[in-house]
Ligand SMILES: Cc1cc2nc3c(=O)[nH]c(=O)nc-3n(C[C@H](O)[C@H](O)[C@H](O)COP(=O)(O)OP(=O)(O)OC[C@H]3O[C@@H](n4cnc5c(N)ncnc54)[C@H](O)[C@@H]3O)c2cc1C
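One chain follows as structure tokens, the form predicted on its own.
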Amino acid sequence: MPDIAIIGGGAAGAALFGALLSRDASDTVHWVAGNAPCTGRGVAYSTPHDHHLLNVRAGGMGLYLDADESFVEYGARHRPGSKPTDFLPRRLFGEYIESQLDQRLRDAKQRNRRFDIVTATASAIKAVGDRYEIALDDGGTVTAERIVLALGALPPRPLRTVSKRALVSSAYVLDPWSLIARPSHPRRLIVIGTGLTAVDTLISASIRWPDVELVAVSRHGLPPFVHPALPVDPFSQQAELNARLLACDGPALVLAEIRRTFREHPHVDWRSVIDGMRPINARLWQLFTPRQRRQFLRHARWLWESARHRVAPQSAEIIQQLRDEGRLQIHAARVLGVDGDGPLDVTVQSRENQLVTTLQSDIVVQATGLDTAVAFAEHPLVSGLLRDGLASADPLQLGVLAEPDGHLINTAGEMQPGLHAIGSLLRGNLWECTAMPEIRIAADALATRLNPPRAEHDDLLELLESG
């Protein structure tokens, strides 16, 4: 059976790697996991700070569909008293990933399942006949017939309004997770963005520098909505609502149907309705035309992101306390420019009155969320795939063009044999595909396609040989 290579050392790569190891096959699974010290955690779960919380309850988290131990069980062992309804630290889920991987590796060794973990970064992929050769940053290579890109977040790109002078200064921070390692003690810190990453950044800065003045700026000035302290009951008419939503022609009618539901059922918690849409979100997105997708991104994305990707109640309480104490101000404004050597001048235009003002800040942190614009990313591997025609950029810059099952589409408009993706690179096709509940389902399905059950595979070989 042809070998498989997974590129990417984060949670998506770990989920697929473990799912493949659990299936008996004669191939070798190569996991090109990069140089990170904690394989499988990626950026999201590498934080050491307990105040960085999951935005999914413990009961909804997991790495495999057939896990040896659930995250709830793991959490109860390592954090006595924790419950399935709790929002636990992301650090704890990172440790859970490592423990699950260790168990899969032990089981695979006992069954003589062949695998290889490569602690290097993939820099290029070249098609060589019916195989692919992966070039590594340490000078080595890995050869496989089937490759899965599980790259996670691409390197962040600076906003176009940030000057070169500001970028080369130490005062502009592109990577929010590197902020706390800085020795400086700022008087004022501005965060560009008000989403989940911005929330974590603001909380970390408030703890590290108790007297710092915090400012957050985004176009709508809207922090994420908040999860209820306890799960809410499902909407009793969700199935009928989902059927109506799938029959809508475009996002405007979808939003109108949701608003109508809220009006007709005023006592239903709106969060149960939004959560009940989760099974159909990808299908809704795929039903939208390219023009309708652009309309959604332009007019409704900001609201959907805030309502759909909510923050844990504990984190929301900290943000509110910072605002009540006057330590944090949140502005709905457009960033017109960032310039200087440090302190930096941040020029913004108010959304409310269009007034232009300039704020000075010792540190400016860009926390604008996930970047999936592969056509502009400074990522040698992705850039090479696009240049060589093995992959195509999604026209809305939401990752790569792909089939619903993750099979990449090349520049000829055809499926590229043996090339697949999982996770954030598939946003253009699936829209929501970055959370662990979606990733572990996708990883299990992809593992089954790459390694079909033995009987099915044998039948296929016999048919091919007889034909």
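One-based numbering along the sequence shown. Note that the coordinates shown come from a computational prediction; the quantities given were computed from them, not determined experimentally.
Absent from the display: the form predicted in complex with the ligand. The rest refers to it.
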Margin query: Please identify, from 64 to 72, 396 to 404, 437 to 445, 410 to 418, the stretch that has a heavy atom within 4.5 Å of the ligand in the model of the complex.
Written below: 437 to 445
Next item on the list: Could you work out which of 284, 159, 381, 300 is the residue within 4.5 angstroms of the ligand in the model of the complex, going by heavy atoms?
Entry: 381
Next item on the list: Name the residue from 365, 150, 147, 385 that puts a heavy atom within 4.5 Å of the ligand in the model of the complex.
Entry: 150
Margin query: Counting heavy atoms only and using a 4.5 Å cut-off, do 11, 34 and 55 all touch the ligand in the model of the complex?
Written below: yes
Note to self: Using a 4.5 angstroms cut-off on non-hydrogen atoms, would residue 45 count as touching the ligand in the model of the complex?
What the structure shows: yes
Next item on the list: Using the partner position in the model of the complex, report whether residue 5 sits within 4.5 Å of the ligand, counting heavy atoms only.
Entry: no
Note to self: Residue-level question: is residue 122 within 4.5 Å of the ligand in the model of the complex, judged on heavy atoms?
What the structure shows: yes
Next item on the list: Verify the contact flag for residue 104: yes if a non-hydrogen atom of it lies within 4.5 Å of a non-hydrogen atom of the ligand in the model of the complex, no if not.
Entry: no
